[in-house]
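First comes one chain, alone, set out as structure tokens in the form predicted alone.
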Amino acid sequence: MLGICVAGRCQEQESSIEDAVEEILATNGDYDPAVLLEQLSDLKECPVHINYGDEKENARLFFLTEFQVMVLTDHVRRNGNVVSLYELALLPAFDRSTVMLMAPYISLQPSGGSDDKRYGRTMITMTASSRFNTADTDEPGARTLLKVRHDGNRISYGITAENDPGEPFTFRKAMGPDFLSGYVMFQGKGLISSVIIGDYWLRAGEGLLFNGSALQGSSLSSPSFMAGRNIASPYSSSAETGFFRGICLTATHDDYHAVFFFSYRLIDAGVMNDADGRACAVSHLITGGIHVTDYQRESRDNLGETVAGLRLSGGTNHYRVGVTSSATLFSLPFQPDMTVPDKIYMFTGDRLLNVAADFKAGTGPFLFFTEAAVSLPGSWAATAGIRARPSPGVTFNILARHLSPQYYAFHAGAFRTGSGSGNETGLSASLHVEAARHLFIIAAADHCRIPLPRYRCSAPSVVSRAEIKGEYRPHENLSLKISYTCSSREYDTGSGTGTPGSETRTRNQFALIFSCSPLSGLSLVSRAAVSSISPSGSQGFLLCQDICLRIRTVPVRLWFRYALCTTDDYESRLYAYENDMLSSFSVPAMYGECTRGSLMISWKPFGHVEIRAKYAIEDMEEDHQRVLKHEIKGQMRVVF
């Protein structure tokens, strides 16, 4: 029997996502969760109405595969409204892990209530936050964010405007805010199914060429290693990298799809000047999106990127085939510093051609997926995997990958260990088991070889990861989670002249999370985590208590957190996902002798208006002195 319970929405936590983000951040400092968490926040604000039986509506669940979207849509059309999550877990290509991932982002509202879909829905979200501390080490100023979004049956549009702390609001060489993004999307019912003008993101195949979502990029405990569904979607995140700006047209005929896209945008890059002081090349890209220091401002919008491409796909319910190609032209050539070991294989020149082919086959208990790609100049890459469900309580995944060091793709996002698009060969596997009634176990492992130097390692190296997770959920208001993760990487040792030595550093982390809801409207989450690093012997310990209270007599919710952390250094740092503003996220790194507390309140004075406020305080040790950090956030959202 497959047991599924959904914790109270009062917690407002996506447990599978938050666990993955915490672990990936601890083991991979290059990972940026911004786009992923904002995409999930948008889904939470506008849940997917699966009972509409609309394939486009279900396709908003960007982490589902094409097969899963088709199976879900066909089930609703044949059998009517879904009334329980138990139904979804028993569908072909679905399992408990996938359904639990979907749960916070779907609505089981009957298909009759479709007024929002017919007339559209508009959301306006305004957010302001400020951080300050006793040491005055942070950049002064406030972060402001404005999001306007309209989702209609035929026409949708959106605007995102953002300023990070210290970034001025100016119209000098800018459009008011430091970052301004927008789109208009038309959805048709004929041959032209959608047209996006403005900012958008793409995902194709298994991500060797395009993948704007990082969900399957690094997490070993994902329900599937498949990159999911082919998608061209409007971009509404405040992250300033990884998207396209131009036009994207999708044509559909029966089960065949064609996507044509063109993009031109300016991106941040470090510029090299000739003898006359004119820009002649770029050394590297800058992806932070912060423009506060002189260097950051000088690096802004220095490189023009033009991308044009085509995606063709088609098939049946049992197989899908796709081909993707793109040509990229840069306004200045890349000339990386070849004296640095980890840059000797980096992209050089000003133009790039990519071609990829992908294939998926199977439904129900067995799925096979693969993709191969080449880059000119450069080399090739390939990935292939299997997702199998031999019984309702067992699912396993296997994935093999080879990403040549000279394979180049600037918008790739395939399953891998590090950042970038190449320089990795590995094998991953995971097993999801319902070991007993209400007891679920996940075991996963990944081992890969990195043949050429990478950041902080000047020689070929090996990376290994392993995870074991257990969850006991006897009731929808009671659960206990235990997890153990282990990751090891090779790093350079010594800072003198000559060839550096190498050592393998291993990080072990154990975590326990207990959640319960003893009373209606009250939710408690307690967690403890321990980390240890070898061979340095550095250790860390974290205790965290979350309380969520919903006051039903008045439209108010309260979230409270108190956390204690002690670590020997930054290397043994620990992360704790924290409830935050809508369309925002908070995953603070805690290290040293640290205490953190936060209080957030949500008030809905009217049915279409929500106001949130948050105050967080953190007392920690930095550079052998105590630093008191404060954070204040405010937000108002209007939906009509």
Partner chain sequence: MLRWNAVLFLYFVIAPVLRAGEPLYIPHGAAEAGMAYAVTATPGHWSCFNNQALMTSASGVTVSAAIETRFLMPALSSKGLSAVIAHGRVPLGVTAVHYGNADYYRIMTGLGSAVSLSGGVSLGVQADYITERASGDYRDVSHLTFEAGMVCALSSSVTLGLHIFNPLTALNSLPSSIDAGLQWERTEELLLTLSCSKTTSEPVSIQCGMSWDVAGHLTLRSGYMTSPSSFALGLGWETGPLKTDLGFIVNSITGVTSALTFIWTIK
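Numbering follows the first chain given and starts at 1. Note that the structure is a prediction, hence the values are computed from the model and not measured.
What comes next is about the form predicted in complex with the partner chain, which does not appear here.
Only one of A327, V433, C516, L512 comes within 4.5 Å of the partner chain in the model of the complex through a heavy atom, and that residue is V433. A single residue from the set F368, Y157, F396, F560 has any heavy atom within 4.5 angstroms of the partner chain in the model of the complex; that residue is F396.
Residues of just one listed stretch (303-311, 352-360, 382-390, 182-190) have heavy atoms within 4.5 Å of the partner chain in the model of the complex: 382-390.
Within 4.5 Å of some heavy atom of the partner chain in the model of the complex lies at least one heavy atom of S428.
Remark: D446 counts among the residues lining the partner chain in the model of the complex, judged by a heavy atom distance of 4.5 Å or less. Using a 4.5 angstroms limit between non-hydrogen atoms, L564 is distant from the partner chain in the model of the complex. The shortest heavy atom separation between L285 and the partner chain in the model of the complex exceeds 4.5 Å.
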